Every structure is written in structure tokens, then in C-alpha cells.
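In the form predicted on its own, a lone chain appears below as C-alpha cells.
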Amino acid sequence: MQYSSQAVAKPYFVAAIGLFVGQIIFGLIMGLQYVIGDFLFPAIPFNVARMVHTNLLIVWLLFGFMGAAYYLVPEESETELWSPKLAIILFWVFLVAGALTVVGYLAVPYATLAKMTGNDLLETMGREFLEQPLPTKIGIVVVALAFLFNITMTVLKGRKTAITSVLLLGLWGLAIFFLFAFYNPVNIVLDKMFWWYVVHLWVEGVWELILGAMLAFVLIKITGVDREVIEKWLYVIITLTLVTGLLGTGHHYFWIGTPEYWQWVGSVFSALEPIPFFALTVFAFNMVNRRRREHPNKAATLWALGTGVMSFLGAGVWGFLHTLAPVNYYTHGSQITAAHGHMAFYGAYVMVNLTMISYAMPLLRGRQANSEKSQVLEMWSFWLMTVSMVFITLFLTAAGILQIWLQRLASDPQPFMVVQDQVSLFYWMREWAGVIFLIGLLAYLASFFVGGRPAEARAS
């Protein structure tokens, strides 16, 4: 059953895809700056391109999560959204704040931006991923709390399910852990410890709960498998996620000045972190194999299966490769980390957002699925993006292995920039793979505009 208030998800999904395109464009700019050092300098220095690239990633994923919540919560709760008007107001506040922040990064030097936005009142800027000016951070908190109020009130007045419970736990955790972005102690060890409370406990903690809830919702809809079966899998996955993810934070504490026991805690629990992602993969394939109906939206099914596989490879396998302390001693801060980060973010959070958008957007446009021609193009986009991301990861892994050997393991270690010159071939190959990724993303975008309405939708 469709609820009219689900329509508020549509602008969130549209904005998410638009910002995603921007993120990839800035990623390609950065990739060229790796091999052509003065590319677009001084207009867009590398540090600014990197801020825009990573901040757009975070913001568009949040838009996707919010749109997904606005879509699935009314359907799960069997009631209209508490306030569709509030959802639309928050959309514009969040979009304008995000756009102004990016303009600020590009238009003025970062130190000037800090002075202009009151960083001297409460110093929160200058930390990786948390570069946002103070007004933006406050705006994020206000938007998040109002969004959570809207979603929570909807759940409280309607049916309660495992999916909405897990989703709310993840979303509230997201908001609560972001508050550590305002805590910036002078002691650099404490600063790093609490900085990871935001960064790690988002992507390897509460975001995984959001991922599980979104994937479970889509799998119920496209497979027809009993809700009880899918909910049992969901509970197992989130339990494994919380047990391994929370203590797995320790793998960031190896070399920042924390007590020695973190090397054991971080190594042991990080080594277990691939398990929930493997369970996620088994879960997705098992549910699709047990499906009771052939859903016409085959593209969404493909994205759902891809989410399980790629998140296991990126977050699980590539994370495990360098998470044990004796290995991490040589690999931390190398291109191995970049390889893991790219495939993990794509496999887990990019793909689950695209899964939800692929499933929900046709329904929001009055059809059960896009036309066959549209879905063929979308599935091409899936393979272009996914295969190119695999190659991006492999090229960065090769660069990282060579970097570690020449810079850290060789009997006569070479300087950082000398090594960067020697691995530049891999950076060029990574850049071309990134171009293919952008083509795949544009194909995904185009798939919503080709093929017209399918016959079954026109008849209904």
C-alpha cells in the first residue's frame, strides 16, 4: 500500500544523486592532481578538492538515508508521516546549508572561512571529514533532531516492526555520535580518540544498522519471503555488527599514543568485523533464492545482491587485510587504506542507497518498475560502476604495496615524494577507472529518463 506522504522522499533521492555526481567530479579532479600536481591550482587546491569530495560523500549519503526513512517508515508503520511539511522544510534547510558550505570551501581560504564562521568561539574545524564550519555543524544537529522527531513520532503512532526499530537505533546513534564533532580537546591523543567516535562509530557501527534495515525492507518487498525470516537475519546481523564494530574502534588506536592493550582489542575485534558483512551477503542471496514471486524491478534486485557482495569485499576482506596491528604497523596511512575506504563506502552505503532509490523511485512515479529498456541501462550502470570500483581498489592496492615496500620495508627507504613518482602509473590507471565510474553513474541517472512507462503501469 502506498501512502501519500512517502512522496517527500523523492526530492531527497534527487538531491542525493545530484550531489553524488558532484562528489565523483571532485574525485576525478583530485585523481588528476595526484599526477599533475598543479592541475587547477590555485583555483582549487588539493586540500579543498579533498574536502569537497569527502563532504559531498557524507552529505549525499545522509540525504539518501533520510529519503529512505521517509519512504519506508510510513509503509512499515502503516500510517502517514507525522509531518510531511516539516520533511520538506528540512530538505531545503539541509540542501542550502550544504551548498553554502561547499561554496565557502571553494570561494575563500579555509583559515578565512574559519574566522568568518566563528571558529574562535568553539574550535571545531580542521579535522578530516569534520571540516564543516560551526554554523553548518549546528545546522546538521538541528536538521537531524527535527528529522528524528518526525520519524520517531510516525513510528510511535503506527505499527512497530523490527525494521523500523533497527532503523531508529541507527539514526539516533548517527545523531548522538555526531555530537563528538563539537569536542576538540587540545591533547592530540584525546582529540584522535574522540574523533574516531564520529568517523568509525558512524561507518562501522550505526550506519551498518541503517544499511541492514534498508536492505531488509527492500528484500521483503521484492522477494515476498516471510517477514519473520528476514527479521531474524536482521537481528543476527546487527548483533554481530555492534559486538565487532564498537570494540573494533581499537584498530584506529594502535599508533596514536593510547595504551598497548588497544593493539590486542583492536586486532581481535577488527578481525571479526568481516563476519557481519559475510552474513549480509548470505542473507541477501538466501532471501532472493527463496523468493515467492518474480518482482518486475530486476535492477533493484541486482543492486541488493551487489550490496552484500561488495560490502563484504570492501569493508570485510580489504579491511581485514590491514587491520591486525603487526601488519598495520607497515600499512597504516598508505594507499592500502585508500583502497579499503573506496570499496567499503561504495559497497556498503553507496550501493544500499542506490538499491533503495532503484526500488522506490518507480513507485513514487506511479509504476511498479521502470521499463525493460530503462532497467537494462540501469543494470549496465551497475556493472560499469561496480567493475570500475573493483579496478580502482586493485590499482590503489598495488600502489599501496609498492609504496610500503619502497618507503617502509626496503633496506634503503626512499623519500615519500620519490615513491609517489614511482607509483604514478597506478594513479593514472585509477583515474581512468574513475572516468568509467562517472560514465556508469551518468548511465544510472539516464535510466530514469528512457524507455517510457511500462505497459503494466499504464494499464493500472
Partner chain sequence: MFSPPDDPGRRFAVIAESLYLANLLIAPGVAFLGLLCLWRRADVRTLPLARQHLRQTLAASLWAGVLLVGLSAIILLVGGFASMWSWFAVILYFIVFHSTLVLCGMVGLSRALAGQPYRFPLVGPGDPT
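Numbering follows the first chain given and starts at 1. Owing to the predicted nature of the structure, the values given are computational and were not obtained by experimental measurement.
Quick note: we don't show the form predicted together with the partner chain, though the next part is all about it.
Residue contact with the partner chain in the predicted bound form: Trp405 places a heavy atom within 4.5 Å of it. Not displayed here, the partner chain is kept clear of Ser83 by more than 4.5 Å at the level of heavy atoms in the predicted bound form. The partner chain is not shown here, and in the predicted bound form it never comes within 4.5 Å of any heavy atom of Val93.
In the predicted bound form, the partner chain lies farther than 4.5 Å from every heavy atom of Leu40. Note that among 294-302, 318-326, 355-363, 160-168, the stretch whose heavy atoms approach the partner chain to within 4.5 Å in the predicted bound form is 318-326.
Scanning Leu394, Leu32, Val435, Ile44 against the partner chain in the predicted bound form with a 4.5 Å heavy atom cut-off leaves one residue, Leu394. Checking Arg290, Lys373, Lys221, Lys192 against the partner chain in the predicted bound form, a heavy atom within 4.5 Å turns up for just one residue: Arg290.
Residues of 107-141 are not found to place any heavy atom within 4.5 Å of the partner chain in the predicted bound form.
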